[in-house]
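Only one chain is given next, in structure tokens, and it is the form predicted alone.
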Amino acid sequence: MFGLGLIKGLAVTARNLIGSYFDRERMTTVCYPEEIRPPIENFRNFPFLVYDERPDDLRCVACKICEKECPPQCIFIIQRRDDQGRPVKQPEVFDIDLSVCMSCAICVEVCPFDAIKMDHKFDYPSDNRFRGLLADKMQLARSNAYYHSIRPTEAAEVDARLAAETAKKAKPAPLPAKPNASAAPSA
């Protein structure tokens, strides 16, 4: 029937309009920035890097998977090298251009080390739109405790999985069974 979609759309609009008069939460306006509603746990904005003990010891090993998979190419990583020029599993440079980032969270999904997560922070005031929105690894570094404070459910699952992987690696492999010396070799 012609116009059925239009009627359904008007019904949804009317239901929301009338419902807003009975639900007081929907009628209130928050005076931002004096009042800020806490975001839900699954809210995401810009990425950050997780560290466990110190900000220098990021979980990131500079594998560059997030840099390769980023659709707008806003992540830039340079791997650290030791005195002999061998690569060290730590980024020397980890920059994200927040003016280009589209908060798609693909970097979070592809990170095999759970080193990059999405933040709840969305205010990045700056007087310089170029250098002010280029975040380096020290600006991106957040503690695991911070990660637990914004995403408690997800952080607990990640920590449990990482602890299980660490315990699995630390557990010594069983020794192969020795052949029985008393058994005669079969001819």
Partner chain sequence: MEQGRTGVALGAAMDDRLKSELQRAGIFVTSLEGIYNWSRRSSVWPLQFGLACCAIEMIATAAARYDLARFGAEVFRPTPRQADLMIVAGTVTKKMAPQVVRIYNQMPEPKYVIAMGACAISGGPFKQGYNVLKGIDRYLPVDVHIPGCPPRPEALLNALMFLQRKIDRQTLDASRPLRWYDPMDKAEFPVPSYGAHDLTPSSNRAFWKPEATPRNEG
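All of these numbers come straight from a predicted model, not from anything done at the bench. Numbering follows the first chain given and starts at 1.
Keep in mind that the form predicted together with the partner chain is missing from the display, and what follows is about it.
Taken together, the three residues Y51, R80 and L162 all stay farther than 4.5 Å from the partner chain in the predicted complex, as judged by their closest heavy atom. Interface residue remark: V93 is counted as part of the site for the partner chain in the predicted complex, having a heavy atom within 4.5 Å. By the criterion of a heavy atom within 4.5 Å, C31 is counted among the residues contacting the partner chain in the predicted complex. Proximity of S126 to the partner chain in the predicted complex falls within the 4.5 Å heavy atom cutoff.
For the chain shown alone, I150 is not a contact residue for the partner chain in the predicted complex, no non-hydrogen atom being within 4.5 angstroms. In terms of contact with the partner chain in the predicted complex, the residue from L133, A155, V61, L140 that brings a heavy atom within 4.5 Å is L133. Residues D95, D97, L98, S99, V100, C101, M102, S103 of 95-114 are found to place at least one heavy atom within 4.5 Å of the partner chain in the predicted complex.
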